[in-house]
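There is one chain below, alone, in structure tokens, taken in the form predicted alone.
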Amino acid sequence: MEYIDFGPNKTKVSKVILGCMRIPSKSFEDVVSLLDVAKDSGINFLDIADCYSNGKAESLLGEALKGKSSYRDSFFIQSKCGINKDDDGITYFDFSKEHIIKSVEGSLKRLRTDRLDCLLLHRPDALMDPAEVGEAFNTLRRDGKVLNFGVSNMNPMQIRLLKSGLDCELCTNQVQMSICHTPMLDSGFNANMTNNASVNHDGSILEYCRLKKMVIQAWSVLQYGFFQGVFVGSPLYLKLNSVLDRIATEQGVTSQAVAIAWVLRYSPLMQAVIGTTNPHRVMACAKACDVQLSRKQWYELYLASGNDLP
């Protein structure tokens, strides 16, 4: 496993993150075993959100962490807030001070901890007041309830607007990225072109984060589309899987590890969120940091997924 410095305190965190969205489908014993395997594999970063299964994911993770009390300090815990689902079945985004603080207090209670190591704002709220968000962050930081802050799925202008009201750093931006989901790269490759790939949908998120030294956290690193399926082993991506399998055999790892290594190769400040609840797959994915992809191999994989270069 490899580690990067995270936040102002430069906390050492693993490049591979264990995403806990799907743990409600598992038993308490299964989740404890999953944490055991993650720790043994060098993963010390857990990602979750208050909206995952309406809080059940946080509650189960909290029970597992309490079951092994030493594990709270073994893991860097990141949760997210901002997606509000009310009793009328309406989902909306809410960055109000009241909602942010209430959400964090709920997360802390469910996770059975006194702090979040990092809090992300989950989706952009068009109605946000940056100063109000800043007040919420200052309160949470002052009370020791949140140590670091970041965002998820935000473009550079949204981040700049948000930062205008903050007194603290935004440490990370969590965005969707995989070999089969590359719009953030495509527009850069096709600059000054008139094809579809040249359309810049996001204002150069990746470049902005690198300039500002924000950690880029990639989610759905093994998925294509918006949760449409896993591309590893899929008949929809025969050419890509042929290249993945070849490199995996050469380096003595799984194709999943190679696919994750492709994401991590982009920048030194990269993390990859894996969502599997299978302990064997966690161990396999953790070996992504053992994979050394050459520049040629990185581009070969990009092209094998169906992309073109000018």
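Everything numeric in this text was worked out from a predicted model, so none of it was measured. Position 1 is the first residue in the sequence shown; the rest follow in order.
Although not depicted, the form predicted in complex with a small molecule is the subject of the following passage.
Contact annotation: of the candidates R123, R112, K163, K145, the single residue with a non-hydrogen atom within 4.5 angstroms of the small molecule in the model of the complex is R123. Contact with the small molecule in the model of the complex, judged by any heavy atom within 4.5 Å, is made by just one of S53, T277, S41, N241: T277. Contact with the small molecule, judged by heavy atoms within 4.5 Å in the model of the complex, is confined among 128-136, 223-231, 205-213, 88-96 to 223-231. Taking the partner from elsewhere, T172 is found to have every heavy atom lying beyond 4.5 Å of the small molecule in the model of the complex.
In the model of the complex, the small molecule sits within 4.5 Å of a heavy atom belonging to R22.
Contact check for N155: every heavy atom lies farther than 4.5 Å from the small molecule in the model of the complex. At the 4.5 Å threshold, heavy atoms of R281 reach the small molecule in the model of the complex.
The three marked residues, D47, K80 and W219, each reach the small molecule in the model of the complex, with a heavy atom inside 4.5 Å.
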